[in-house]
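Alright, here's a single protein chain in two forms, structure 1 and structure 2, each given by itself as structure tokens.
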Structure 1
């Protein structure tokens, strides 16, 4: 289990309104992007409720909702508790058909702002220990990309999402990190689809490395510009793919 700033953001207090829904969304997003791994045991109810800043009653309602969605399994008896169940892979092309071009463009505007701000702050605030996870994720992506086997694409997509979440975590902003996790859960698979179509792993890896180098060197303006361009390129091509589905 990796304990880092991104995971700490998952278990930070939720907003004071609609707390059951907020807890469900927080944990569901973390499960969807792989921050909470399949089979991982969640903290005890008392510990999890305290870290999220909610009552145990609220937490139990949220866990019940997650069980109904098939994302959490509760086991009784010795060694029991609540365990993560990773969701099945989604049909990305079908999901893309359901999103209007205007909505894609709006999502792109929002995500560009989040990604750019996170990268700029990461360059300004991060310590070497914050940047190390970025390079570790990139090394893992390169190793996975070198192997052609069933399941590798899904693993690459999860590592891609993890890289962007780690950039946000390096910004030292829990809210930016939580928003990046939410966006990766919402549109990460769609963005990966566009990256694949743009030229596969090599082009994406080059952009990732450039962002990591700018953050490591403390160049906030460059990090922001690179992160924004990375998202905009993906969204522009995603819109092209979406329009192509109408032909």
Structure 2
């Protein structure tokens, strides 16, 4: 039996486990930071599987894991489906346990490369009309941060994601933008939490403003350095936290 099970594992799809974990992580992060709101109904399994690019089997496994963690509730019958259950408190440790240290470092390497390259090209290629959305996002973030209200963190987090995607889009590279969007989904929420813990919203806003100014003034080297620093600070903090976690 043992031999057979081992042999079955050998011949199972190579990254099916990794795919389940990736889906769990993505949805758990989105729920943790409020991108998916408490009580929100998830799309149907077929739709969700299609948009995430995984099989329905993979998706079901991921939903099962999320149910066990209490982050998703499935109701049967009319009006049924899968619903988001937001945890009362965001637990970075729980999120971080899903990622090994070397994977964090590698995600950081990848994201630093993308964010830095995008910011440099954005500085070289931006017109005032490309920079305008960046300032609009930063102004909106400042307005949201100024009044403490329910859902404020989720809103800030969305605007933060939008700002970084707008920077990438200003590079005029569709591929860099697609990578930015993917990385935002994979690691954005954790980086956000890391920034919150590191310097709070004021420091985050200061870094965002510095990046936007460098892009506006056409200073590619400066824009790249600032965008890289922005990612690396947060990643370093996450790695430190992760190193301190007991398995």
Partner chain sequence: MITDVGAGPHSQAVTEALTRVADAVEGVFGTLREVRDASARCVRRRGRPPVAADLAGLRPLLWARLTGNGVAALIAGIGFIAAPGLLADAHWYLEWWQEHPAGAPVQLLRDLDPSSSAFYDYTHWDWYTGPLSGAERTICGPYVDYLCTDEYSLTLSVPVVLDGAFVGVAAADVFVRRFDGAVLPALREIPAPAFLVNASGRVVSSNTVRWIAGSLYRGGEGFAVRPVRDLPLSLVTAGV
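Treat the numbers as computed from the prediction; the structure is a model and nothing was measured. Residue numbers count along the first chain shown, from 1. We call the rigid core whatever largest set of C-alpha positions still superposes within 1.5 Å between the two forms.
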Of structures 1 and 2, the form predicted in complex with its partner chain: 2
Core-aligned, is the CA shift for residue 58 between the two structures 2 angstroms or more? yes
When the two forms are laid on each other by their rigid core, does residue 41 show a Cα shift of 2 Å or more between the two structures? yes
Once both forms sit on the same rigid core, is the C-alpha displacement of residue 182 at or above 2 Å between the two structures? no
